[in-house]
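Given as structure tokens, the chain that follows is alone and in the form predicted on its own.
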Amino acid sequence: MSKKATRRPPEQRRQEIVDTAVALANTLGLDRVTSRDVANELGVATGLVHHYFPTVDELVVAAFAQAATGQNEQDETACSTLPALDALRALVQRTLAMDSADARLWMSAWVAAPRRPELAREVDKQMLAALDILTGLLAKGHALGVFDAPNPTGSAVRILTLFDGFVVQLSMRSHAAYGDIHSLIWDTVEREVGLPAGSLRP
């Protein structure tokens, strides 16, 4: 059922449009969100959505950027406020706790990106930001003697590739279908950074 439209300050209205696009993308997929869908959900004219986002591509990019930036900011906060070992543990835990809606958002972004150049650039930007965050954490931990990661960028790439594979699986299945995959991820990350088995997981 559509919501009744009310007058909003411009920034609040724009944020409301983006939030609605994110919510729809979590169920429909980014590549299926339309300006009309968002307008119907908000109970406003499609022209109002176009006033803030002239094309649906701009709206899709804004929706994905908001969701992905929020995830990266959580990781960056963990890395800047926690000891290296605790921060890495928090990053793994956040990935393993990701819900299927967030996983579907990333999956639909990867699928749609080749057809939408602006989205492809935003996806690349967010993935590189995640790589920078993890690389910095591993480099700091290595310098402190917490990790054995002489090539922090290489280790970060391998860990994030593992995370991405988990996200692809999660976008298609529930957590209940995984069996020992969580243990596999903990074990692999521990080996990658030279930690004793079982020392990273909570």
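Model, not experiment: these values are computed from the prediction. Numbers for residues come from their place in the sequence shown, where the first is 1.
There is another form of this protein, the form predicted together with another copy of the chain, and it is not shown here; the text below is about that form.
Contact with another copy of the chain in the predicted bound form, defined as any heavy atom within 4.5 Å, is confined among 136-144, 44-52, 153-161, 65-73 to 153-161. Residue contact with another copy of the chain in the predicted bound form: Gln169 places a heavy atom within 4.5 Å of it. Using a 4.5 angstroms threshold between heavy atoms, Asp99 stays clear of another copy of the chain in the predicted bound form. Another copy of the chain in the predicted bound form is approached by Pro114, whose closest heavy atom lies within 4.5 angstroms of it. Taking the partner from the other structure, another copy of the chain in the predicted bound form has a heavy atom within 4.5 Å of a heavy atom of Asp180. Site annotation in the predicted bound form: the residue of Ala78, Val92, Val123, Ala130 reaching within 4.5 Å of another copy of the chain with a heavy atom is Val123. Shown without its partner, the chain has Arg104, Met107, Ser108, Trp110, Val111, Ala113 in segment 90-113 as residues with a non-hydrogen atom within 4.5 angstroms of another copy of the chain in the predicted bound form.
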